[in-house]
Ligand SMILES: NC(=O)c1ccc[n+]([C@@H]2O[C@H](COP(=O)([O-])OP(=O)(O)OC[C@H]3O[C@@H](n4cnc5c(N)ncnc54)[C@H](O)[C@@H]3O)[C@@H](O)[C@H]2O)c1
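Take a look at this single chain, the form predicted on its own, given in structure tokens.
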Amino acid sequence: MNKIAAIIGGGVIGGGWTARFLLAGWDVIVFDTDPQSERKISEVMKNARASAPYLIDGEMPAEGKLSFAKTLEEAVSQASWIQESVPERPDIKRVVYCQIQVACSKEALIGSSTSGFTPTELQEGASDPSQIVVTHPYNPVYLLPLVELVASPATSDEQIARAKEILSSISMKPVHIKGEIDAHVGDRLLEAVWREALWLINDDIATTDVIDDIMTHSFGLRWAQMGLFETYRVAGGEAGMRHFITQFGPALAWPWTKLMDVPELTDELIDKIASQSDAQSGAHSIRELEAIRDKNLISFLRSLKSHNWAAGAFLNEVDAARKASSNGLSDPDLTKPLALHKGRVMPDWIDYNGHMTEYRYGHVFSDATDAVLTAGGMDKNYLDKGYSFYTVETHIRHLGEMALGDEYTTTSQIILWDGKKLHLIHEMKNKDGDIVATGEHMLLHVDQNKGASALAHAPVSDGLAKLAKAHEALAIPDYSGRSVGVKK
């Protein structure tokens, strides 16, 4: 399978898909009849390049090649994945599918970004219905990982599995919706809230900013890290979900909401909503609002990563899979300090001076130490046996400045390994190769089962011995062993 994706329709969602595939290393060919599509895609790519790397703990893959086709047939002819994001009209989509299937490979999969139509509806008149599946993402596609994958009975299990594999390869989380239903799952939930919000404005109960404040300052924060059912399980107290339903279930029979109705969208109501929205957010352009949204999402998602929870847990899995497949640690160059860890300065690493804050240097050097231990053979199986390393002394020197987004690499040198004590020196370098910080660390191998230091076991004992033997030929930096103080 080649890594070529065709994006048909370069609007907000199509642009998001373009960024998602490109930043995952795929070549992308875009077709859109809009003469402004290249400009719009370039603006989306600017936002994506500025934000998506902050969700990755490590090095981003090399970006793919972006090109624009003059015809739909040219766009899809070589693609193994085709993402349709044309207007939400089934008649238009079906015509597009017919054109696609004449020109594309029989092995290609065609995903639709539709938020409302079922695959069976979309497949009507298709020469090969099995090729077409619903892959409904959430905006911004380049940051939010979930995609609703919906197939009809015409699509085989093998094709569904292949769709999951491709979507997973671009760091998305495909959720297979087993049944076909209009608007799938996510938008049905959103529509219920949207309908009620329209009534609250129509009846002059609340304004757009009041409704948004209520969501952003209360249950919206809960939903970002626990979904509807997990939130209500907690609300049920120690008795859990059964108690919650028993206590609050009868309220569902009371006429609290108007979920099955929607107010008539008169010019007066539309003007009311538009004017309130202008007063609420009109000070910012759409691009500015997108940038604000992206920065906030990065912070939320990185916080969830640090707690290994919800979408953060998924992003950690993506990092782990990328690290495992990169093969970067399998054959390190032992003739010089080990270059095992790379990264960039994240938004939550910045202090009030606008620079990388001091404790994050310890974070970077801790990651570099873990990389050395991994190269020496320490893995989950070793840790599960109760063996590990404890850091007992650290000395960090701050020699330069790092700003938001700056890329760095670390090199690591083993000064001593005697089977129990590990003496390491790390150097953190900017993209120009200048040393911005050094870290010197003493670690002890520990048998946690006994609660005491102990000699390491294979494979760690042998792996670190091999690295240490190679590093004996390296000159020890002149700052090694230096203490904190002022020269007299």
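One rule holds for the numbers: they count along the sequence shown, beginning at 1. Just so it is clear, the model here is predicted, and its values are computed rather than measured.
Below, we turn to the form predicted together with this ligand, even though it does not appear here.
Using a 4.5 angstroms threshold between heavy atoms, E88 counts as touching this ligand in the predicted bound form. Contact annotation: D32 falls within 4.5 Å of this ligand in the predicted bound form, judged by heavy atom distances.
Contact annotation: V96 falls within 4.5 Å of this ligand in the predicted bound form, judged by heavy atom distances.
With a 4.5 Å cutoff on heavy atoms, V12 counts as touching this ligand in the predicted bound form. A single residue from the set S115, T409, Q159, S388 has any heavy atom within 4.5 angstroms of this ligand in the predicted bound form; that residue is S115. Just one of P137, G343, G111, P119 comes within 4.5 Å of this ligand in the predicted bound form, counting any heavy atom, and that one is P137. This chain is displayed without this ligand, yet in the predicted bound form the stretch 32-40 from 418-426, 32-40, 62-70, 439-447 comes within 4.5 Å of it by heavy atoms.
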